[in-house]
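So this first bit is one chain, no partners, the form predicted alone, shown in structure tokens.
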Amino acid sequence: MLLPELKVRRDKIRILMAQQGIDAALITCNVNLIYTYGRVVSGYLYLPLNAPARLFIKRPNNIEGEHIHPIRKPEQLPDLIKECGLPAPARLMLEGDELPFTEYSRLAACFPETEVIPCGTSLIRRARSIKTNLEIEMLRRSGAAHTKAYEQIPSVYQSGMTDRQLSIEIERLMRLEGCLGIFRVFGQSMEIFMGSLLAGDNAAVPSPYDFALGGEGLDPSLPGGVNGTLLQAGQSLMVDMGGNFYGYMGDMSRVFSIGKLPEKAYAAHQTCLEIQEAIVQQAKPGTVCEDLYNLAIDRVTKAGFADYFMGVGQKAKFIGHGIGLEINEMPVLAPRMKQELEPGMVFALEPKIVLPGVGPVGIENSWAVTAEGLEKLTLCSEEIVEL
């Protein structure tokens, strides 16, 4: 509770609370507890505006320390807050977009004399969108481990593999380099296992999930990613495994080929690299996210690949997204997104093209916004690697 890094993060939330006249927050969702306390627990972090935070913890029962208190049920919160010498909150913030309705209602009912504000999710996500120096360092280290795993992919490929078999080997490489495996996504309508490998025309199969590319998946209960495609000569495949090595979701895609691809595929891949370079040259603090999306659309249209950009038929309507403790944070590089880049933001940029009969090409890297421009966090060869 007393670590300076965590106090910096909590104070970022407090600043936003003060701007909205909120005098306390009750934080209970896993990702927000990681952000404010440093680990997942079952319990409640109570964040007053002008007093130290308190952790009221149910499980595990072996955590002790200053400002940490055991609790059995949320109805104890008002009395425990009073025992800490703190006044009852006049305006209390809850994570309205993340808590189940029954849990939100139960927590709100614990404070009948308090005005309960449901803006906690959006406010904390806003605070999390500007990373601390330590968070950016975690993403740098994640990028290095991510790269080390990807560089070994050619060594595990064997002729006659399916996309599923190769994906299993890549997942093993990722785990051996320290990947935690869990793929954290904001919202309850997006799921995937570790990431995706999309080969050939499977990359064009639409998915219900709002990822850049879909994939059929192995079962209707998880409709995304590999589908058992046999890897054959003339196919491209894109590896997009989530780089969660230190709790932070780094993001990187690289393209491989089974033998040589048609020249059109290399031209399309080069177009994506040029889009990336154009955006990197333009992006800096104050740049509007929508302008970067429009730049990409202009470039891919002039190159003649607009019909295949970010999908075929069903297209993703973004070219980049914030990353951090979850894979889909702020900012988002998309139409109508007027948010401006700020130093400390970290996002994945992923211009991708899907060619029918061949498969996906393109690039994805993680970038940190600095005072001068962008810093690349995923330093791995960007050319199509022939297997």
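Sequential numbering from 1, following the sequence displayed. Note that this is a predicted model, so its numbers are computed, not measured.
Not on display, but discussed next: the form predicted together with another copy of the chain.
Only one segment in the set 277-285, 160-168, 251-259, 82-90 has residues whose heavy atoms sit within 4.5 Å of another copy of the chain in the predicted bound form; it is 160-168. In summary, among the residues E151, D97, D307, E75, the only one with a non-hydrogen atom within 4.5 Å of another copy of the chain in the predicted bound form is D97. The partner is absent here, but in the predicted bound form a heavy atom of G38, alone among G357, G38, P70, P343, sits within 4.5 Å of another copy of the chain. Three-residue candidate spot P60, D210 and G247; every residue lies within 4.5 angstroms of another copy of the chain in the predicted bound form by at least one non-hydrogen atom.
Contact check for E263: no non-hydrogen atom falls within 4.5 Å of another copy of the chain in the predicted bound form. Another copy of the chain is not shown here, but in the predicted bound form it comes within 4.5 Å of a heavy atom of Q188.
For the chain shown alone, G228 is not a contact residue for another copy of the chain in the predicted bound form, no non-hydrogen atom being within 4.5 angstroms. Although the partner is absent here, R184 is a contact residue: one of its heavy atoms lies within 4.5 angstroms of another copy of the chain in the predicted bound form. The partner is not shown here, but in the predicted bound form the stretch 304-327 reaches within 4.5 angstroms of another copy of the chain through a heavy atom at G313, Q314.
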